[in-house]
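Just one chain follows, in the form predicted on its own, and it is written as structure tokens.
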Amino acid sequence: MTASAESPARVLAWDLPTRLAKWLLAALVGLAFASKYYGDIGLVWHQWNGLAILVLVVFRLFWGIVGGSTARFAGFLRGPGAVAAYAASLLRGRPQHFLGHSPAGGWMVAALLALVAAQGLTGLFTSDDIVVYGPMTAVASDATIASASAWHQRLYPFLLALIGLHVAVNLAYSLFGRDNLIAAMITGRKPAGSFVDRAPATPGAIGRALACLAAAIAVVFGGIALAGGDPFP
């Protein structure tokens, strides 16, 4: 019996840069929480962690424009009608099958990126007025620092809640749904089937991904320096 007869054919769902960005961002967010409580007194590692997160978020924004077909925002950020149709299909027990993100999943990704970006940006202006000074505190007003520091704390539980919801939904869909989303985001492949979106995915070029990463580093570190901050904690 041939290998193809033993197991169902699999098609590309997410390319390598998309998967690496997702897992690296997940790891960095986890390390940000850890370094806040177990870092040095000046939270230097926490600040470096935040800068790395901002670089990955900016990379993902660029990759969402020029990356592989399932990585592009235009491919998975759909309007209210598509979200409503997907929700209705779930209620009927016959969910629409997507190679990339579903309409609801796409907006979850956007919300996570937005909240992580907000957490990282407010961190640039955060200070405890004792030993912790974010990269932009030297050029920010006291009012801006106080507001950013407060929002950096306020956003924390919302980010935890959204991450928890994201993980729970992915686990539930992987265990009880049609696809193992967690395995697919590791391997990049899903079993072949009838998808609402195009299959297989068209991967983004590695050279283009490296260019996006270089541009993201320049935007974050160069932007801080041009604004008068210190990009090196």
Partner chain sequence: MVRRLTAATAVAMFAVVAATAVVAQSDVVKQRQAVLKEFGTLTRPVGGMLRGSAAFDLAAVQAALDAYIKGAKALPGLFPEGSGPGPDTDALAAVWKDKADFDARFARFEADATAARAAITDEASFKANMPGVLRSCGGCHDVYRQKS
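All values reported here derive from a predicted model rather than from experimental measurement. Residue numbers count along the first chain shown, from 1.
Keep in mind the form predicted in complex with its partner chain is missing from the figure; the text below concerns it.
task = Examine Arg94 and determine whether its closest non-hydrogen atom to its partner chain in the predicted complex is within 4.5 angstroms.
result = Arg94 lies outside the contact set for its partner chain.
query = Closest heavy atom of Ala150 to its partner chain in the predicted complex, within 4.5 Å or not?
reply = Because a heavy atom of Ala150 falls inside 4.5 Å of its partner chain in the predicted complex, the answer is yes.
key: Contact label in the predicted complex: Val131 to its partner chain, heavy atom within 4.5 Å   = Because a heavy atom of Val131 falls inside 4.5 Å of its partner chain in the predicted complex, the answer is yes.
ask   = Is the gap between Ala146 and its partner chain in the predicted complex 4.5 Å or less for some heavy atom pair?
value = Heavy-atom contact with its partner chain at 4.5 Å: present for Ala146.
query = Tell me which of 184 to 192, 35 to 43, 163 to 171, 52 to 60 has residues with heavy atoms within 4.5 angstroms of its partner chain in the predicted complex?
reply = Result for this chain: 35 to 43.
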